[in-house]
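Listed next as structure tokens is one chain, alone, in the form predicted on its own.
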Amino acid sequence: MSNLLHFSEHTLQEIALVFMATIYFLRVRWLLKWTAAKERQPATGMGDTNPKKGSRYSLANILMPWVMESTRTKPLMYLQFVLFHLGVVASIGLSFIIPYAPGLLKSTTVQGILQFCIGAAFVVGIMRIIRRVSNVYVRAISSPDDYFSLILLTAWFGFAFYSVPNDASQGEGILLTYFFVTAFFLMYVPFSKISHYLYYPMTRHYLGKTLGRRGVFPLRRSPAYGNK
């Protein structure tokens, strides 16, 4: 292993992680200074729910595609969402496995799982790029950051896929590119739309808390009132 590859796998990633953690800490601290507005509407509904139930239901919404029309009527879109984010998790995990637990990659099963998740995410990334460019409605709401992040993420999946074997015998180019792009993402993400996951728990909590108080969350699968 060259000094540059060792630097990219260890020191560079550690610097990037500390930088990202610092920015996130400052951002979360700022966000916690604000509180949701006080409810002005009296509690409504049938009395079988409350803000806590609504919050839990709202936070779990991401695991219940059948409760949202957008995912219930378009299951392929939800499948793409799952595969894409599994690829993100696998690609990030790989950046820790290679420098700190490379022995795991001696298992063909581990390699196969990682490459399946990352490869599927790469395919979904290509599909999303095409959709963002070709769909007039998606294109209208897309910002330069959307295009840049999606294209670079998809390319990152490609480099991660070929980095899984952790074999530098034929050259270190793939591994170096993967780790340098990973470090770039760690420092770029806090300032991009990719950081939406930071706000997800907060927004879903407040939404669920409000709709739970109003008797809306959890959603009922049958009419609230029977015929008399």
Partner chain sequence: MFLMNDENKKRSYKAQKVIDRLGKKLNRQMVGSLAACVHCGMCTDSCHYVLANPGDPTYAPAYKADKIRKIFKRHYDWTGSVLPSWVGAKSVFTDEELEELKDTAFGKCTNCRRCTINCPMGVDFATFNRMTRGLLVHVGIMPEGVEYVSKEQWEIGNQMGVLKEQYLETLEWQEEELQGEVNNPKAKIPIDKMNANIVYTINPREIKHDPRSILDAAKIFYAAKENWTMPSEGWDMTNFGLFSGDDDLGGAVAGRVYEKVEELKGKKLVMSECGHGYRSTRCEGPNWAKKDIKFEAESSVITMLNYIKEGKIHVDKSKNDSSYTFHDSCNNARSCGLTEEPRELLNYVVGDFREMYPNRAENFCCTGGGGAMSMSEYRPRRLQSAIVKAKQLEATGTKYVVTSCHNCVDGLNDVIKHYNLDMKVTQLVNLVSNALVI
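Residue numbers count along the first chain shown, from 1. The term rigid core refers to the maximal set of C-alpha atoms that superpose within 1.5 Å between the two forms. Here the structure is a predicted model, which is why all the values come from computation and not from measurement.
As for the form predicted together with the partner chain, it is not shown, yet the points below apply to it.
Within this chain, Tyr100 is remote from the site of the partner chain in the predicted complex, having no heavy atom within 4.5 Å. Though the partner is left out of this view, Arg131 does reach within 4.5 Å of the partner chain in the predicted complex, counting heavy atoms only. Though the partner is left out of this view, Val138 does reach within 4.5 Å of the partner chain in the predicted complex, counting heavy atoms only.
When the partner chain is considered in the predicted complex, Met20 lies well away from it, no heavy atom lying within 4.5 Å. Only one of 92-100, 112-120, 154-162, 140-148 places residue heavy atoms within 4.5 angstroms of the partner chain in the predicted complex, namely 140-148. Contacts between 35-67 and the partner chain, taken as any heavy atom within 4.5 Å in the predicted complex, involve Thr35, Ala36, Ala37, Lys38, Glu39, Arg40, Gln41, Pro42, Ala43, Thr44, Gly45, Met46, Ile62, Val67.
With the core held fixed between the shown form and the other one, Ser169 has its Cα displaced by under 2 Å.
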